[in-house]
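The chain below stands alone, shown as structure tokens; this is the form predicted alone.
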Amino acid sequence: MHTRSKISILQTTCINCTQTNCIVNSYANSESNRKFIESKKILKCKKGQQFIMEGAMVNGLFIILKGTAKVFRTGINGKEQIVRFAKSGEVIGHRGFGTEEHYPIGAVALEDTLLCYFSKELLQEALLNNAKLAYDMMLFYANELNRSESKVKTISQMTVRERVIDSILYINRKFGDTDGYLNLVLSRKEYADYAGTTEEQVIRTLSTLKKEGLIRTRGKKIGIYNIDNLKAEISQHNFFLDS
């Protein structure tokens, strides 16, 4: 169950931020964006805390300053489908803008996380006043749409084994590893919710991959022994599209 306790709010600035892959960071020193930048708030979320409620009214945009989060949608019979995992510098909540009035997704912090929050009104004003920011946001949306469409097409053609392998490789590409184990530790259920399968099937598949000498496990942690063989199994599906 997701924690919905109160989120702490801090004030800070983008001027000295070292998060270079943030879409807003490059505009921190622009005079025309000063009001937008200075209005930003920092939200402190504890591990397991939900900061976007699926179906809630859109009120702003979130960028992860530090930490990780999972973005999900609720499917048939209330089953959670994880759309993606987000790390520092990545945007969350952008799909609620435009013609949407409600967030089509929910988001939960996977560890203690700091979020940059920009209100809907000030973001819209900044986009109207800064053509370069609006252009960069347009390219961002186009890339997001391309990845989403590619993932939907690919997942529909994969077996359960291939989907589990794809999930492991996705986590490895995005978060890397330390001491031979993936840096993002997920439950078997979270792997299932991302791969679009069941927890039981994930457990069986991981057990098989372990017996074949392709991966190793230690508690919830997963390590990759032979990444080339894992890539080869799903190479026909262009596993690298979703980074």
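Residue numbers here begin at 1 and follow the sequence given. In this text, all values refer to a predicted model and were calculated from it rather than measured experimentally.
One more form of this protein, predicted together with the DNA, exists but is not displayed; see below.
Highlighted residues 66, 86 and 88: none comes within 4.5 Å of the DNA in the model of the complex, counting any heavy atom. Of the residues given (214, 53, 203, 58), 203 alone sits with a heavy atom within 4.5 Å of the DNA in the model of the complex. Distance criterion of 4.5 Å from any heavy atom to the DNA in the model of the complex singles out 189 from the list 44, 174, 41, 189. Although the partner is absent here, residue 159 lies within 4.5 Å of the DNA in the model of the complex, judged by heavy atoms. The DNA is not drawn, but in the model of the complex it has a heavy atom within 4.5 Å of residue 218. Put simply, residue 178 is far from the DNA in the model of the complex: not one heavy atom of it is within 4.5 Å. Using a 4.5 angstroms threshold between heavy atoms, residue 197 counts as touching the DNA in the model of the complex. Of the candidate stretches 112-120, 128-136, 159-167, 142-150, only 159-167 has residues whose heavy atoms lie within 4.5 Å of the DNA in the model of the complex.
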